[in-house]
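The chain below stands alone and is given as structure tokens, in the form predicted on its own.
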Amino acid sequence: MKRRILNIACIGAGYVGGPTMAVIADRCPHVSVTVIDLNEARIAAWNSDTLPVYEPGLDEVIRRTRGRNLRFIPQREGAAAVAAADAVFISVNTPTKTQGAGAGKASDLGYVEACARYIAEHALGHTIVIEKSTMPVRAADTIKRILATSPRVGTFDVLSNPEFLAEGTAIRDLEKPDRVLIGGETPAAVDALAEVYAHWVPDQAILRTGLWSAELSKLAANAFLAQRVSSINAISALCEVTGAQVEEVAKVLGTDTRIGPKFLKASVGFGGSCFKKDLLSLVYLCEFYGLTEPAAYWQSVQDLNEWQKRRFAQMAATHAKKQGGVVAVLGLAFKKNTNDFRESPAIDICNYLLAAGVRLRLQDERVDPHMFGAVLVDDHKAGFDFFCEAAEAVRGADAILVLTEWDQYATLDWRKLSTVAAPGVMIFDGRTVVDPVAASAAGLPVFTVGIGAAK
């Protein structure tokens, strides 16, 4: 029987759920979309002029859709929306477990299970339940078992529709996706969701797979991308000691059509909510099924990322402690054009520097300083200050670290900044964004990842 999706509910109003539902509502004005979240402050922000998620273009999409066919409501008011929904997306965190079996690697499905129980309690008729969160393979079995306990007379299909968004370009990625992946066991349910996306996504970009293949494809995609970052960072260290330049090497690699140019930019390492979590989940799955060598391979990708952050922080700390021990950190978000700092390299680097006994002066144009301060080591809470402007952050600094590739850092007036920084200050560019000619003209030495110190 052909199914149609005209009413959508989404549980989870975070970096994925909010933007995804906004674009669906924008491109499908005939579909009613309701976003539900336990965090009432977050819902209030989605209903205000100050959205909780910063993404270029998101404000405009929200203005077109909110109050028309898109609404944001707290979970205590969400029962009716779930009951009326033809499809319910689950878009909540699946963090790494901190205790129990698989702690430190396996994904914690506690929030997902809570969503499934909420859906089972309130859904009516036939409901398509859609995994939008990143799930370990066969997580859908857990959802199915919970849905089977529904006290109501209803039936369910479970689909996997993982997101492939890059924060900072999420709206563009949603409006013009490389692919939309839908995995399921019931063709009618798969077709119903595909029909929603077909309002703006070309048919050839809508991929249909089995349920388990869709779940694994998301983990595999992030693992492959993380592997490329760690691979070029491993080469960057070799470039620094041999005199090669990593950007030149990356350009040569990128012209090989078998390799391609993307994700070959040397840096202090990858961050964000997905790469580390999904890598560790993949490691755990390999270990669970007795695949020791694949587990070790994927673990090495993560280990290299940690090493890259650690060696960068050690170099900066060594220089700063020879001077007055003050370090300015420019950029706290894990990448530009987002206020998300989850697993940002800046966290580990700042904590390493604090443990080494230096004083930090922090600046980022989007990251909430109170929220970032909360993730720094408790023993060093008095060891850092936040500043709104880069010029204030670098005042008196013995080392200046650039950890996010915000556009403004590419055009900083280094001659002016050199007058307020400490004598002997050195720039450590972890994102290859600093203009080395301008910095050199201002008398400031620069260490750039993949190049080394300016001669």
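Because the structure is a prediction, the values reported are computed rather than measured. Numbering starts at 1 and follows the sequence shown.
Just so you know, the form predicted in complex with a small molecule exists too; it's not on screen, but the next bit is about it.
- In summary, among the residues H122, R361, K132, K105, the only one with a non-hydrogen atom within 4.5 Å of the small molecule in the predicted complex is K132.
- For the candidate set N222, S150, N337, T96, a heavy atom within 4.5 Å of the small molecule in the predicted complex is found for exactly one residue, namely N222.
- None of 311 to 319, 97 to 105, 245 to 253, 133 to 141 except one has non-hydrogen atoms within 4.5 angstroms of the small molecule in the predicted complex; the exception is 133 to 141.
- By the criterion of a heavy atom within 4.5 Å, F270 is counted among the residues contacting the small molecule in the predicted complex.
- Although the partner is absent here, A25 sits far enough away that none of its heavy atoms falls within 4.5 Å of the small molecule in the predicted complex.
- Under a 4.5 angstroms non-hydrogen atom cutoff, the small molecule in the predicted complex has I36 among its neighbouring residues.
- Of the heavy atoms in Q227, none are within 4.5 Å of the small molecule in the predicted complex.
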